[in-house]
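The chain below stands alone and is given in structure tokens; this is the form predicted alone.
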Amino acid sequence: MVKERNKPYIIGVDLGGTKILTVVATAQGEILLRKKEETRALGGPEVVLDQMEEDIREVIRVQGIDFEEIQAVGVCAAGFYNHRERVMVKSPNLTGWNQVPLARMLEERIALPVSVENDANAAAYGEYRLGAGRGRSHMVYITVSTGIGGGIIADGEIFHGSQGYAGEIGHITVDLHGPRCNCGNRGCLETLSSGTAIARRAAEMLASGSPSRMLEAAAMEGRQEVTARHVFTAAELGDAEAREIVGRAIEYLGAGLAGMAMLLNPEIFVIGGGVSMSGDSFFQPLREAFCRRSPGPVSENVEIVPAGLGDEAGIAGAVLLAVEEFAGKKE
């Protein structure tokens, strides 16, 4: 039996609907090797699990290490993951992933202990331990990208709720008569403030014939389709329509954060995802919108800052959570 101190490596897997990132990392969260490829999502759970196994075995081989040197595998995945049952109840981005015992099925393939966490929760934990939330015990992580997700750190631990679904800020209703969401509801924050929502609103405005520099911003990148990034660029160039779209999206997001602040009283909001990379043109009006919606005692002591780990927050969190679950310690 190899002693734990001689097992210095963790394998991390970030399972998404479009890509799988597999890494070799140390128990302190330092990533040594990365492998990324497209997810064979349409093949269903068995095909994707076979792909995960192949990738894990490949990074182990390329890194030149033995299975006996690996403590565990940490997985983060998009979807509703039930921690108590160790089951992926549903994943909207993975075909056929309903009631899939992800951890057990992967353990059977690779004969290593497997820890699984929702991707937003894992990203929240990565930012808490190694990123913008380091040193804070009460933190809310929000990712604003294609959709909107979130994770909650309370007293230094992930707050899962009764089954593991806590932190789904993107599906808080902020407009009773708003656009239909993929979840089936109307007026979810995700339908009003995500990158997808911003791009959709831009397309509607352009279709009405409104003159705008949004098309110019897209053309600068050789594209015809306007994305959220192009809307932010046009807004910075002074385009009135783009400013209206951005302002509306940020106002709704500020209202969502205000509600979370009054419910959870965090020290800090850490904002990740593609939309958050717009810099001060995003964060300054967001802070102002948040303060307008929050009572002084709540808003005065809350920071709103960009994430520090970028796209690797989830994989970092998954690695650290695997260390804690199977080594029983924080590094």
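Residue numbers here begin at 1 and follow the sequence given. If you're wondering where the values come from, they're calculated on a predicted model, not measured in any experiment.
Although it is not shown, the form predicted together with another copy of the chain is what the next lines describe.
Note that among 222-230, 76-84, 106-114, 126-134, the stretch whose heavy atoms approach another copy of the chain to within 4.5 Å in the model of the complex is 76-84. Checked against another copy of the chain in the model of the complex, the candidates 72, 235, 152, 100 yield a single residue with a heavy atom inside 4.5 Å, and that residue is 152. Among 49, 33, 65, 264, the residue placing a heavy atom within 4.5 Å of another copy of the chain in the model of the complex is 264. Taking non-hydrogen atoms only, residue 61 never approaches another copy of the chain to within 4.5 angstroms in the model of the complex. When another copy of the chain is considered in the model of the complex, residue 185 lines it closely, a heavy atom lying within 4.5 Å. Although the partner is absent here, residue 292 sits close enough that one of its heavy atoms falls within 4.5 Å of another copy of the chain in the model of the complex. Residue 206 falls outside the set of residues with a heavy atom inside 4.5 Å of another copy of the chain in the model of the complex.
Contacts with another copy of the chain in the model of the complex, taken as any heavy atom within 4.5 Å, map within 157-178 to 159, 160, 161, 162, 163, 164, 165, 166, 167, 168, 169, 171, 172, 173, 174, 175, 176, 177.
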